[in-house]
Structure formats: C-alpha cells, structure tokens
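Presented as structure tokens, the chain that follows is alone, the form predicted alone.
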C-alpha cells in the first residue's frame, strides 16, 4: 500500500464505491464520505483499515466536509487528491414539469457540495501539488431540453476548467470526469448496456496516475452498446 491519499464524496455506492476499490487496488488510501454510515463501514471493512477510512457526513455541509478532510489527514498524514463525486438527479424533467424542491436539493448536492469539497481540500492539496477531480456528465456537454440536471453539470464543466487554471498556478491539476449514462442506483431500473461504475472508476485512476507533467483536464467516456452484441 502506498502513501497517496484520496478523499471521495458520494462514496457509499455506484461510481464512488467503485472508485474507492479501483484506487486501493492501484495503491491509494481512501477517505470515504457519504450519509450512509452502514454502507461506508462495510466498504471500509472490505478495503481494509490500513487502506480506507469511513467518514460519514452530509456533503452539503461545508463544516462536515472540512471535518472529514481534517480527520483523514490526521489518520493518514496527507491528502493528495479529492474526488467531488456526490450528485443526484430529479424525477421530473424540464422546467414546467420540474419540482422546485428537487431542484433545490439537486443544486445543493451537484453544485454547492462540489464547491465545498474543493474549498475543504484545497489547502491540503496545495501542500502536495495535488489533484482535484469532479464528476461531470455528457449532459454537461450538450443541450437537453429544459434539463436542470444538465445545467448543474454545465456548471461542473465550467468550474472545472476555471479551477484547473487556478490550480495550475501552483502545480496542481483538476480533471472533470464526464461519463454518459452509467448503470448505478441513480436510476430505478438496471441499464446493463450502459457504462458500469467500474468504467468510470478506471477513468479516475487513469487521470490520477498520469505523470505530474501531464494534466488531464477532462475524460469523456460514453457507452458502446454495439460492442456487447
């Protein structure tokens, strides 16, 4: 096990959990943040106490994220990368049919919580010329009629580009991971012909493991269902 440490939000399932597994397999130690204590404890136990730390908390709370980062650094001594992965969608598409209470929750998690991850992690990342990763989406690269979810991902892509410029001033890197549809608990029905969480996790590890001279600003991956036939 190496000494590089990665903080992950939305770590209890889907892309976050798959990334934790892939990162540990690649020699990283991981801090796992999500609201589900039971799922985090189970994942941390699976990965091993020398490699993983469960950090239950609400990503929409800046203080909770700052506390989680502090606890992780106290445990493992350093923070080399952070993955702002927590996110959610909405049950009704478009503006007229959309539900304002879902919009508020979605903006809080997809945008504000992502900002909180960057804010909480940045002082430690600066010490290591570290790496910030953000979960974007194919929905943030094209127009979708009335999609508020897509608009939150447009924010991620724009902010990620701006943050990459800011971090480059002191040798840091920022990568937007932009998948198309992924077969995760995000959806009510299984989607086996779409990307799997492990595919996205592999993209994260790819970006992390590039030499310091190479800054991968975006990884855009899409399902390739014809290859399954």
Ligand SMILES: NC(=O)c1ccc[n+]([C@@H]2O[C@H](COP(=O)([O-])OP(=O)(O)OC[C@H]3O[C@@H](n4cnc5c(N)ncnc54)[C@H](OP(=O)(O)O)[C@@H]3O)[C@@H](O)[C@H]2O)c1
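Positions refer to the first chain, counted from 1. Please read all numbers here as calculations on a predicted model, not as lab measurements.
One more form of this protein should be noted, the form predicted together with the named molecule, which is absent from this view; the next part is about it.
Note on contacts: among 192, 27, 185, 171, the single residue with a heavy atom within 4.5 Å of the named molecule in the predicted bound form is 185. Checked against the named molecule in the predicted bound form, the candidates 167, 34, 201, 68 yield a single residue with a heavy atom inside 4.5 Å, and that residue is 34.
Per the 4.5 Å heavy atom criterion, the named molecule in the predicted bound form is contacted by stretch 129-137, the sole one of 73-81, 115-123, 96-104, 129-137. The named molecule is not shown here, and in the predicted bound form it never comes within 4.5 Å of any heavy atom of residue 176. Shown alone here, residue 148 lies farther than 4.5 Å from the named molecule in the predicted bound form, counting heavy atoms only. In the predicted bound form, residue 196 stays away from the named molecule, with no heavy atom inside 4.5 Å. Of the heavy atoms in residue 62, none are within 4.5 Å of the named molecule in the predicted bound form. Heavy atoms closer than or equal to 4.5 Å to the named molecule in the predicted bound form belong, across 100-132, to one residue only: 109.
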